[in-house]
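The data below hold one chain only, encoded as structure tokens and taken in the form predicted on its own.
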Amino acid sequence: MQKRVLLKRGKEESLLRFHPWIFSGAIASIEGTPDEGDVVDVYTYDGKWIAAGHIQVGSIAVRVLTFTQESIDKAFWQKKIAIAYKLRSDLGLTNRADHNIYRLIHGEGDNLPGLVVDVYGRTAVVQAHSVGMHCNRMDIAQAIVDVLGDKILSVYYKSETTLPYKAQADNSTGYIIGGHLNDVPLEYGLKLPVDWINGQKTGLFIDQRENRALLEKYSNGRSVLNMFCYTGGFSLAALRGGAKLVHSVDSSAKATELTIKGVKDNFPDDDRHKAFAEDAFKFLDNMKEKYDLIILDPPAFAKHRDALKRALIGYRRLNEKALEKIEPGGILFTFSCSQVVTKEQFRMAVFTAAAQAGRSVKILYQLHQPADHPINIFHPEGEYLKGLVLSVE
């Protein structure tokens, strides 16, 4: 029996606008008893085919893979990955001697909702955010190798923290093609410490690449504080940019160890850098050093709408503390990666922080995610990274 989802009357409107999510409340009935992760065909209330996608348990009941009647087979995955790879090639990210890190697949942005693939040298790290993508992981891995050829020799699967917690799925991690390689991950010539086995996300926050390059241009002669440093990408950029000193802070000792390793790999015997494993708010309260460039790149304060109010308070408090402490003439790079926080809400939180800190502030740049993290125009929720570069008098 065909596995079908029948929508309620009027609930096809978002699909006619090519939005890739179908919420559980839009469904009238399900036929064919599909298992979670199966591909289902979606029909309007009057029986017209409209889309196909992965079915799952939760408020988002179907993640749409296609609005065209086609088979979801090996050829489908190869076609989608080839389109995504061409975009990254056109962006100049795939054939540089000094750069071998980029995002190959960015979920809804590449019309593959629930799938993230990051490339580090000749290793692709695959992360499933839906059971459907988990079920198709082997076909996806093989398609990556088929499309990229000898540019990818290993595929590592890492979804233990991203699959829905109620899913009855084997979320074991490991190499599903190839094995460990001795490639050096490079971002515009900097050797970045990447741990895709034990680190957060796929091992690195690639989405800050262009913002790190921008920071490098403002670092010369400055005293830099990199809060929530993780693996220290901003710290390395600041050091190469000629910073007078760079201090990296993260609550995780593992993160500060990776940062220290990155500094040693790129700037051996350089005494401009120190790392501190400490809570960010506590460090800002007690700091005695004077900084004229501060980076605030915290983890997501809100992962769902119920936490939005608390998140906005957190962003305000954090930015207020930094604005109170930064030296006159200083520059603040401040970010939010919370998807549920809009650009306007984040900007208002920073505006309130500046007012309460009593500082005169100018916006120099409004920052966002890079082009290899594309936003599907029909899925504005994909615009998650917001940033401001502020000049503080």
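Please read these numbers as outputs of a predicted model, since none were measured by experiment. Residue positions are given as counts along the sequence shown, with the first one as 1.
In what follows, reference is made to the form predicted in complex with a small molecule, a form of this protein that is not presented.
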Heavy atom within 4.5 Å of the small molecule in the predicted bound form: which of W77, Y230, W196, Y218?
Y230
Position in contact with the small molecule when the complex is considered in the predicted bound form, options Y291, F205, Y85, Y157, heavy atoms within 4.5 Å:
F205
Heavy atom of D279 within 4.5 Å of the small molecule in the predicted bound form
yes
In the predicted bound form, is there a heavy atom of the small molecule that lies within 4.5 Å of any heavy atom of G242, even though the partner is absent here?
no
Can you tell me if D250 lies within 4.5 angstroms of the small molecule in the predicted bound form, counting non-hydrogen atoms only?
yes
Does the small molecule get within 4.5 angstroms of any non-hydrogen atom of P298 in the predicted bound form?
yes
Option from 251 to 259, 149 to 157, 124 to 132, 305 to 313 whose residues, in the predicted bound form, bring a heavy atom within 4.5 Å of the small molecule:
251 to 259
